[in-house]
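Considered here are two forms of the same protein chain, supplied as C-alpha cells in two stand-alone entries, structure 1 and structure 2.
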Structure 1
Amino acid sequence: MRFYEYESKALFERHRMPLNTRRTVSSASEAREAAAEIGCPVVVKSQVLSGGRMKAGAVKFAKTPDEAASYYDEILPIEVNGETARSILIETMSPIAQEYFVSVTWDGRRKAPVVLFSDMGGIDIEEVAEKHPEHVSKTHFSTIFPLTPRIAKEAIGKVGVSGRDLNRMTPIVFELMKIFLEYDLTLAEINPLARLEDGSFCVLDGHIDLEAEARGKHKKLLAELGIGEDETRQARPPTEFEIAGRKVNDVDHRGVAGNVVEFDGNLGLIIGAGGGSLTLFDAVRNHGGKPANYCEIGGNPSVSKACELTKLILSKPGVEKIAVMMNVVSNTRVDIVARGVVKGCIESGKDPAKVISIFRIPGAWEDEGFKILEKYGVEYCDRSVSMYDAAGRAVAKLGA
C-alpha cells in the first residue's frame, strides 16, 4: 500500500530526516494562511498516489500567500493519471544547487534489498538508467548481517560523489535503508534529495510503499498517520469494487477469497494457489483475454466466502464469464470451492454452465468437486491440462 507524500514525510520526520517546513491544507484560505506562516515563496503540491504531478500541472510555485490560495483552487481538480487530489501540501521552496535520487527496494532476482542512487535526481530514474547508466548505482545489502553506513557510502560513491557531499548524504541514505527494513516496505524513495545553495541537504519529495501483509504489524503507525483500515491503496485510491472485495475476505477468517484489483476486461477471474494467481492472470492476457479483475483464493475458504466472491465479480459491469483456476491444491478443498462458485452463480441469477468458462482446480477432494460441476454442466479439467492451456480455453469461450 502506498503512502501520500505528506504521510511519507511524517514518517521521515520521525527518523530526523532533513525536511522543509510544510503544512497539509484542505481549503484556499488554509493555503493562504499556511503560506503566510511558512513564509513565501512556497511550493503548492497536489497530494495524489500517482506520479507525474509536475507534468500534469499539479505542482505550482507561489510568491505570495494570495497566489498560494489561487493555486490551491487551480490544482485541486486536476487529474493526475485519473486521480484527483486528496489534499494540498504547502511547503517552503528551497534554493537548489543539485538534485539526487535515492531509493531502497527489493530485487526479486537477487532476493535481497537494493539501494539505487543517482546524481541526476528530479526526473524518471528509468530515463536516467537508459540514457546515462554511469549516473546510476545499484548496491545490494543483506537482511541477515548488521546494517552499516558503509553500504550507503558505497552506493553514493559509485557515481563519483565524494568529499563533503558524500559525508553529508551517507547518514540520510543509511536512515532510508533502516526505514525500509524496520517497516517492511517494498519501496522507500527520495526524489529529489537536494543539495541546497548553502551546502545542506533536504528531502524535497518522498515515496513509501508498505507490504500489504504487514498492515497488522504496523497498525499503530498507520493509525498515527491517519491511514484508515479500509484503505487498500496501490498507485491510486481503492475502487468500490476493491473495497467490497476486502470486506468479502475480512468477514470470515477461513482461507482467502478476495484481495481483488479492478480492471476493465470482460473475463472475471477467481484464481490462486502459491503464486498461481499471477501466473494465471498473465496467461489470460497472453492468450488475448481481458481480465476484469485480479484476485486471490486459497487456504480453504468457506463455501459462503467463495460464493460472495463469485457474486461480487459477476456483479461487475462488463463481466461476461468467469474462469475459476488454481494450481494443484492440498490445503484447499476442490469441492468447497466448486460448491461456493456454483452457489454464487445461481444466487446471481446466472446459469453456472453458461457463465463459468472453465473450472481448473485439481487437488484435495477433486472427485467430489468434479461431481458437483458435472451436475450443473460446468466444463472442468484436471491436472493433465496446464494452467496456461486452461486460461486459453477460458479466453476462447468468450469468442465462441
Structure 2
Amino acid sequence: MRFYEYESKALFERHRMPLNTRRTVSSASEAREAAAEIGCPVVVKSQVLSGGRMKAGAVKFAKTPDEAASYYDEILPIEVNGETARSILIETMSPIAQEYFVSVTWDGRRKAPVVLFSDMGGIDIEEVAEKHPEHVSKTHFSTIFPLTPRIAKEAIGKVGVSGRDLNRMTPIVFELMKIFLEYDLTLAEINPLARLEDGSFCVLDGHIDLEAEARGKHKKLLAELGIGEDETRQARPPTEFEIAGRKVNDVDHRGVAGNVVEFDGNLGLIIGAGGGSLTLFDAVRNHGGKPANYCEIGGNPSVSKACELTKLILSKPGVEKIAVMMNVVSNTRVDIVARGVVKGCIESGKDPAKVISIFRIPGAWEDEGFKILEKYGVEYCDRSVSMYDAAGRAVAKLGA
C-alpha cells in the first residue's frame, strides 16, 4: 500500500529526518498563502501515487506566491499515468549541491532486506544501475541480528562517499532502515536525498510502500496519517470482475475463494495454496499459456464459494477452459473443491469434462475428490505430477 509523498514525509518527520518546510493545499488561494508563509522560491508538487511527475509537468518551481497560485491551477488537472492529484504540496526550494538515492526494500532471492544507495540521485535508479553500476551499492542486512549504523555506513561508503558527507548521511540512512523494519514496509525510499549548498542534508522526496497484510497492525499510524480504512491504494481501481470475486468471497467465513485479479487470457485459473498461486500462474505463462485471471483459494472454502467462483470465471468473456490446481493441501479438502468446481460448470451450462482442462489438487480427502472427478469425466492428477507439469497439460489442451 503506497503512501503519498506528504504522508511519507509526515512519517519521516516523526523520525526526525531533515525535511523542508512544507504544506499541503487544496485551493489556489491556499497555495498563494502557503508560498508566502514558507517563503519563495517554492516547489509546487502534485500529490499522486505514481512516478513520472516531473516529466508530466506536475512539478513546478514558483518564484512568487502568485506564481505558486497559478501553478496550482495548472498542475491540479494534470494526469500522471492516468491519475489526478489528490492535493498539492508547497515546499521550500532548496539550493542543491548534490543529489543521492537511498532505498530499503526486500530482496526475495536473498530473503533479506537490502539497502540500495547511489551518489547519482534524482534520476531513475534503474538507469543509473545500467549505465553506471559503480555508482550503486547493494547492502543486505539481517532482520534477526541487531541493526547498527555500521551497515548504513557501509552502504554509503561502497560508492566512494567519505568524510563529512558519509558521517552526515549515515544517521539518515540508518533511520530509513529502522523505519522499513518498524512499519513492515516493502519499500522505504528517499530520492533525492540532497546535500545543500551549506553542507547539510535534506529529504526532498520520499516513497513508502506498506505491506498490505500489515495494515491491521499499523491501524493507529494509518489513522494518524489520515489514511482511511477503505483506501486500497492499488495501482488501478478494481474491475467489475474483481469486485464480483470479492463478493463471492464475502458470502461466508469459510476459506478463501474469490480473491481474483483480471487478465486478458483464455485460461481461467482456480489456483492456490501457500504461494502455489504465484508458482502456478508463472508455470502457465512459462508454458505459453494466457491466464484469464490470477486467483487465490485455500483454507477450505465451502462448496458454494468454489461453485460461485467457477461460475464467475467461466462467465468471463474469452475464457475457453479452466485449470484447477493447488499445491498439496492439508487444510483444504479436495472433495469439497471438486464438488464446487464441477457444480459451477454444470450450473454454467458446461460439461465439466470438456471445460476443466486439468484438476491437480492432491491432499486431504483426495480419494473422495477423485471419485467425483471420475464420475464427471474430468482429467485429474495426484502429487506425482508436479504443479509445473500440470500447468503444461492445461495449456496443451487449449492448443488441441
Partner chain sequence: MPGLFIDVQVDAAVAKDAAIAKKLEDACPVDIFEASDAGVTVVEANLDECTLCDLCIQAAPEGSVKVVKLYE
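FYI, numbering is relative to structure 1, first residue = 1. Because the structure is a prediction, the values reported are computed rather than measured. We call the rigid core whatever largest set of C-alpha positions still superposes within 1.5 Å between the two forms.
Asker: Of the two forms I pasted, which one is the form predicted on its own: 1 or 2?
Answerer: It is structure 1; that copy is the form predicted on its own.
Asker: Does residue 12 move its CA by 2 angstroms or more between the two structures when the core is aligned?
Answerer: After core superposition, the displacement of the residue 12 C-alpha between the two structures stays below 2 Å, so no.
Asker: If you line up the core, does residue 64 shift 2 angstroms or more at its C-alpha between the two structures?
Answerer: No, because once the rigid core is superposed, the C-alpha of residue 64 moves less than 2 Å between the two structures.
Asker: If we fit on the core, is the Cα of residue 21 displaced 2 Å or more between the two structures?
Answerer: No, residue 21 moves less than 2 Å.
Asker: With both forms put on the same core, how far apart in Å are the CA positions of residue 255 between the two structures?
Answerer: C-alpha shift for residue 255: 2.9 Å.
Asker: Where the core is superposed, what shift in Å does the CA of residue 346 undergo between the two structures?
Answerer: Looking at the C-alpha of residue 346 between the two structures, the offset is 10.3 Å.
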